[in-house]
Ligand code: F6R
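Just one chain follows, in the form predicted alone, and it is written as structure tokens.
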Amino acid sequence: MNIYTFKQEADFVSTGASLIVSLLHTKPRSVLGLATGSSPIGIYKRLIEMNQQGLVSFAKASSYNLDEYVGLPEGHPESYRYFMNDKLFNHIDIKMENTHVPNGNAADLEAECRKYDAMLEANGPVDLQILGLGHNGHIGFNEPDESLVGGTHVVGLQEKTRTANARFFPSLDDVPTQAVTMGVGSILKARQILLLVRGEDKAEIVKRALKGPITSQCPASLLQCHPNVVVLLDQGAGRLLS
């Protein structure tokens, strides 16, 4: 595991974007595992700039997102499909049919999970998986529990997670109570993982995830078992690491 802490946001962004661009230069048909949240936004913005400048192409790449809320229409401004279209896909040369986000409105959610796993199995493994880190140690929407699910599944969102996401909704009552998420097993199949964490409020969970015991009570701690993880932290998130 390679851990880098940055004082400047620009360095955080350029390092993350450079990893993705280097991969696409080496392997234009890369399979990208993408994430939502605030941490990758600057990197997505930089990738848009580089694509529009002709420095990188996504034309042959494909993408698979980690998760999606259950019950939000695709066009809802807080759906993760909307987020990805708005923050990245609509502004680069990726083919929209090659972008995949779980369908949180599927009539049969269990069948949707099996379908998503089948696509990952047929087209993967993911070459580079971007992750954020929840305050309770979740990756994707894999919440702390006595055991973790390997494949894509429907998960009930813990109150801490819903409260953290309530700032994006009119009220806590409007935050969905369920999501469809890739499982930890699916995440760990990626050839390389890029963990992005920003904010002083994440320092405690960063230390638990990267230096603490490996436990299902902190799903991100399982990243310690992966052979190729790059961690990018801002100074606040990394303040408790030696």
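Position 1 is the first residue in the sequence shown; the rest follow in order. None of these values were measured; they are calculated from a predicted model.
Another form, the form predicted in complex with fructose -6-phosphate, is not on view; read the next lines as being about it.
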| property | result |
| --- | --- |
| Interface membership of residue 104, fructose -6-phosphate in the model of the complex, 4.5 Å heavy atom rule | no |
| Heavy atom of residue 52 within 4.5 Å of fructose -6-phosphate in the model of the complex | no |
| Contact of residue 150 with fructose -6-phosphate in the model of the complex (heavy atom, 4.5 Å) | no |
| Non-hydrogen atom contact residue 132 with fructose -6-phosphate in the model of the complex at 4.5 angstroms | yes |
| Interface stretch in the model of the complex with fructose -6-phosphate - options 169-177, 23-31, 209-217, 62-70, non-hydrogen atom within 4.5 Å | 62-70 |
